[in-house]
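Below you will find one chain, with nothing else, as structure tokens; this is the form predicted on its own, and questions on how it binds or moves follow later.
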């Protein structure tokens, strides 16, 4: 009797049980606890309601912190895209050995702790750092510039820290573009800039969307870089949550802030996902 062949494309759902259990224990359960904590009206947990959410949404200072954090992510993402796209483009146009060098330079920051990289930027942007020393040596400035503990410094540091998250998706997207398309565009009389604007850029939109999504989500939640480079003169949502939870011991309000921040990030991620689907439809058209 011939043995019955098993369909290798189907699997027993029991195989996913350990993964589902781990997901429930380490993600769903803490999220449910956080959500329940956010409905407590006081730190003692005697009553439940929407008091914490009303306090946040009715406070102009809290809304300003949320807005400045989301806007920070926009600026970091824009700068990272502006600097990362040429790197990805250069990677695709380089010979084999140069591609390896560029990829090593892109991946090298990921092998270093974010704390170490952030402290390096503290040294670079300090009053006696490399930037001010170079400008003073060239005679371009008379006194050191205030680069540390400024929003510009935070944006630059975050852009460098999150650069691999932008460059890697761009390299993947550009690598999928048929090089014959650019040659065909040139044969038809289009210049380099027109070829880039009409052919390369639209076809690389999936990589741009993916890179922007990763960079934005990482930038607005980068507690260490925001705290060390921004100092105490700027307040963003991660530090705001930390202050409410650890310093003021107001855990219900900190939980409510976390939930609101999570919802805001999910809204932005959803927008990026919609743009990603539209870009894939555009490139497949």
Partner chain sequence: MLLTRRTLMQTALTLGAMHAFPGLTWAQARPLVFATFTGSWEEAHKAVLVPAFRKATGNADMVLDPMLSVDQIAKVNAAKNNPPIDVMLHDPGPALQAIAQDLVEPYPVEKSAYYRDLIPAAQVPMGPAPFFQVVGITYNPETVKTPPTSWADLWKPEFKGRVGITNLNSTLGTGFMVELAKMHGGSETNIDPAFKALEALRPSLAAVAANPGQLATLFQQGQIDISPGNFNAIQILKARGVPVEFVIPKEGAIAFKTTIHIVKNSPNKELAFKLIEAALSPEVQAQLMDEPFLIVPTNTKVAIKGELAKTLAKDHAEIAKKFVFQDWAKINEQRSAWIERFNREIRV
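Here the structure is a predicted model, which is why all the values come from computation and not from measurement. Residue numbers count along the first chain shown, from 1.
Below, we refer to the form predicted in complex with the partner chain, which is not included among the displayed structures.
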**Message:** Contact check in the predicted complex: 61, 127 and 148 versus the partner chain, with a cutoff of 4.5 Å between any heavy atoms. Do all three pass?
**Reply:** yes
Answer key: of 30, 232, 46, 49, within 4.5 Å of the partner chain in the predicted complex (heavy atoms) is 232
- Message: Would you classify residue 243 as touching the partner chain in the predicted complex, given a 4.5 Å non-hydrogen atom cut-off?
- Response: yes
- Is there any non-hydrogen atom of residue 89 lying within 4.5 Å of the partner chain in the predicted complex? no
query = Does the partner chain come within 4.5 Å of any heavy atom of residue 221 in the predicted complex?
reply = no
Check your understanding: So, in the predicted complex, is residue 255 in contact with the partner chain at a 4.5 angstroms heavy atom limit?
Key -> no
Among 30-38, 256-264, 232-240, 212-220, the stretch whose residues bring a heavy atom within 4.5 Å of the partner chain in the predicted complex is 232-240
Contacts from 78-103 to the partner chain in the predicted complex (any heavy atom within 4.5 Å), listed N to C, are none
